[in-house]
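As a starting point, one isolated chain is supplied in structure tokens, in the form predicted on its own.
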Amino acid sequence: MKIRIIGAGVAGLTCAYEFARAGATVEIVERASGPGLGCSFHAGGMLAPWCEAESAEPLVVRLGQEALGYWTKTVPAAETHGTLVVTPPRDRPDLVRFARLTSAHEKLDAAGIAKLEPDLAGRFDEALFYSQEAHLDPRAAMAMLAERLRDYPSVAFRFNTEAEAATEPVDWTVDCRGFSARDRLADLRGVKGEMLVLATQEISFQRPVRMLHPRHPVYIVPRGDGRFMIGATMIENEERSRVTARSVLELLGAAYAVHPAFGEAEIVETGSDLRPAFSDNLPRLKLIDHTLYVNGLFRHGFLLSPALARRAAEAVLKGTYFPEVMDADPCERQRA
């Protein structure tokens, strides 16, 4: 069977890998010059399904847990050092609420925090530690996955190519364009996210640190070599590329509250893009004729892509119906 994947972000490459491993011939069409240069390029890379239970639906938590095995074993790009969640003493009720809404964590006191992250010694009195969670560098993960795909003779990449230019017949098209698929999915919306990368040799974290705050929550993800991804805003507009001064101030202020040394860090990168989302912020596999749309991953691209990709491949190759994410039974659609 010949499959055309449109889009070489994390959704597109994980889908391509599942189809390739199942024996399909795969063509990956991408308008950019290489893989992972869209929304995936600015992702945080946290694989934190239990933390996500605070604000996401149980489906996200359940599907997200599949990502831990995928990114540590199938495509081993992730490190499992857990997630540390902290809050200033005045916002302790937020930590209590977060603990009540989530699971698989242990409570730490000041000594426990210092043992895990010595650079936070004396900074926070309480924390939650989610030991099973992991994180990755999205750009390194995309490069690793692309290399895995290049090992398959049945996989071809077509970069700098618009979807409309790919006219050769295929059995199925799998559309993984994110927000760009709004020309076919009218109910899709974009949620803007902005991020910073800071460089400092004064701080060393081994794991993502999330600070709860009623207005400006922040996560800090170590990227190695003294670099940290600081993210991310979540703004209900569809302005793709502009990073605002307000957002930079909010992110820097929150990072400074985690550790003052971030105030002297170098800003080495800013970035923003649109997260594709449906009205309920849940992912979908949408069947329209012989095109399967994999979309609506919202801010959970790396967390949800492995589970969505596996289901997409089984839906196309085996006719399997996954009611939790699909809008129609593929067998019924074929008979119609």
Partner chain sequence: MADKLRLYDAELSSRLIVGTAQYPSPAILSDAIKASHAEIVTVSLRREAGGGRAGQAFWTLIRELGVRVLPNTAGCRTAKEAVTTAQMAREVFGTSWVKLEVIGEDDTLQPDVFGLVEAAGILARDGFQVFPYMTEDLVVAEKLLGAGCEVLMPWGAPIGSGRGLNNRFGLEALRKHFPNVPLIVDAGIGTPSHAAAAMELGYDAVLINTAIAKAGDPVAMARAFALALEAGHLARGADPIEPRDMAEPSTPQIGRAFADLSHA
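None of these values were measured; they are calculated from a predicted model. Numbering follows the first chain given and starts at 1.
There is another form of the same protein, the form predicted together with its partner chain; it is not shown, and what comes next is about it.
Asker: Candidate spot 90, 189 and 244, all three in 4.5 Å heavy atom range of its partner chain in the predicted bound form?
Answerer: Yes, the whole candidate spot contacts its partner chain.
Asker: Tell me which stretch of 223-231, 80-88, 247-255, 158-166 has a heavy atom within 4.5 angstroms of its partner chain in the predicted bound form.
Answerer: Looking at the other structure, the answer is 247-255.
Asker: Whether residue 214 contacts its partner chain in the predicted bound form should be assessed with a 4.5 Å heavy atom distance threshold; does it?
Answerer: Close contact exists here: in the predicted bound form, residue 214 approaches its partner chain to within 4.5 Å, heavy atoms only.
Asker: Contact with its partner chain in the predicted bound form for residue 101, defined as at least one heavy atom pair within 4.5 Å: yes or no?
Answerer: The answer is yes: residue 101 has a heavy atom within 4.5 Å of its partner chain.
Asker: Does its partner chain get within 4.5 angstroms of any non-hydrogen atom of residue 66 in the predicted bound form?
Answerer: Residue 66: no, not in contact with its partner chain in the predicted bound form.
Asker: Is there a heavy atom of residue 269 no more than 4.5 Å from a heavy atom of its partner chain in the predicted bound form?
Answerer: So residue 269 does not count as contacting its partner chain.
Asker: Work out which of 182, 123, 148, 139 lies within 4.5 Å of its partner chain in the predicted bound form, going by heavy atoms.
Answerer: Among 182, 123, 148, 139, a heavy atom within 4.5 Å of its partner chain in the predicted bound form occurs only for 182.
Asker: Though its partner chain is not shown, can you say which of 107, 115, 73, 97 has a heavy atom within 4.5 Å of it in the predicted bound form?
Answerer: Result of the distance check: 97.
Asker: Between 276-310 and its partner chain in the predicted bound form, list the residues on our side with a heavy atom within 4.5 Å.
Answerer: Those in contact are 279, 280, 281.
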